[in-house]
Ligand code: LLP
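Let's start with one chain on its own, the form predicted alone, as structure tokens.
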Amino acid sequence: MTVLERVSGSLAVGGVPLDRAFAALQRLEPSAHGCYVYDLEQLEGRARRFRAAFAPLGAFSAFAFKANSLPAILECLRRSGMGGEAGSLGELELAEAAGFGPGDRLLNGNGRTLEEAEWVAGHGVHSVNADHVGELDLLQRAADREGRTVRVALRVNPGIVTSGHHYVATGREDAKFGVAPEEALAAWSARTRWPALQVDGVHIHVGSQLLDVGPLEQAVDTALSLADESQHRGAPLSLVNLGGGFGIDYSGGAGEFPLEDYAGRLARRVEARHGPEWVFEPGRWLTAPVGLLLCEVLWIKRRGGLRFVVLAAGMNDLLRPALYHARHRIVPVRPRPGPEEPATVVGPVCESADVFAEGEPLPPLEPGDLVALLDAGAYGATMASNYNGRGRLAELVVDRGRLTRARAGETPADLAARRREDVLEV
């Protein structure tokens, strides 16, 4: 998980003390009260570890941009040999801008648009995960116009139940994603209907933040069974995309997903099979531990025996606690001496859900102190909003001791500048 170190008494990332990093940001942004900080060297190490785990399968591993789409993060992962998985037209453009070539990017998502189909046909991708059979007609028309063959994997809903929050369970029978297995088998058998498409893949993604290999091994069972049945029907598959979902231990313990064990067992299981190409789409596992949310303490309030710690960052900056009831460790950057006592840690947003932790044991804190919310490198800044008229935070990266502002924070003036009075003809 997040590598914790202290330099001269301050929590540090990549050797850079966070109090000094925040002071440097405030010289550029005097009104800044928080920011995200990422360690690129740690990110490179996790990318190497992931690729090494699945190397025996010769797998194509594509980072899920929805976890963190900061260009500096994407470029670091590309240099580390990762591909990129986009879920929208915007993320496709980000992939190209970050240097991911046609064979290094794929498109996911369940609400395919004409513009996305035209983009992949015109620019090229490794493959597209089609969420339903009707999407094949859209992709066929776009590919035919461009004179390009587009490779497609059909997303199958396997009806696999996972633990954790309902919102991150994507393989249940009532989930919005994918087609029934029999519908996929029929489409593979009829794939000559789409001559501009190479419909030879299966995509199964059962959920996010998985710590147990069980659901993923069930997904492998389903994928291999479908591949065997499709082969039997005369439509062999040559691509199996098992998605992502590899979890981390937000408590800071040793309970993260057993990556190497899972990869080794999968490699041994399919050793006797000839092909197919294997694809994985990691997101959280790569970036969550390498980033944190750094912010000031605004107020300390006591009421009826409760201690409220009011942070400058809120649910608009880090939505996971409000949306998923998720917990992030909260660590003072430069702890004050004194005993710990429980605290309700909240943000400044005008919502009762704007709570990061209840009963959190924390040492004494005062207004102006800095705290870090750990393991926030995935689904943090990418899910941020301007709710309550709050600008999105700056994002900093540390690379071998060098600190860079990779994205500026938004000011109230930036938000006001979006105002328009464009008359539309109706």
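Counting begins at 1, following the sequence as shown. Note that the coordinates shown come from a computational prediction; the quantities given were computed from them, not determined experimentally.
Just so you know, the form predicted together with this ligand exists too; it's not on screen, but the next bit is about it.
Wondering, does H203 line up within 4.5 Å of this ligand in the predicted bound form on heavy atoms?
Yes, H203 sits close enough to this ligand in the predicted bound form that at least one of its heavy atoms falls within 4.5 Å.
Quick one: does F356 come within 4.5 Å of this ligand in the predicted bound form, counting heavy atoms only?
Contact check for F356: no, nothing within 4.5 Å of this ligand in the predicted bound form.
G314: touches this ligand in the predicted bound form, heavy atom cutoff 4.5 angstroms:
Outside the cut-off, so no.
Taking heavy atoms and a 4.5 Å cut-off, does A55 contact this ligand in the predicted bound form?
No - in the predicted bound form, heavy atoms of A55 and this ligand never come within 4.5 Å of each other.
Segment assignment from 187-195, 70-78, 290-298, 317-325: heavy atom within 4.5 Å of this ligand in the predicted bound form
Result for this chain: 317-325.
Using a 4.5 Å heavy atom cut-off, which residue among G347, G178, G84, P282 comes into contact with this ligand in the predicted bound form?
Only one listed residue qualifies here, and that residue is P282.
Stretch 33-69: residues contacting this ligand in the predicted bound form, 4.5 Å heavy atom cut-off:
Result: A64, K66.
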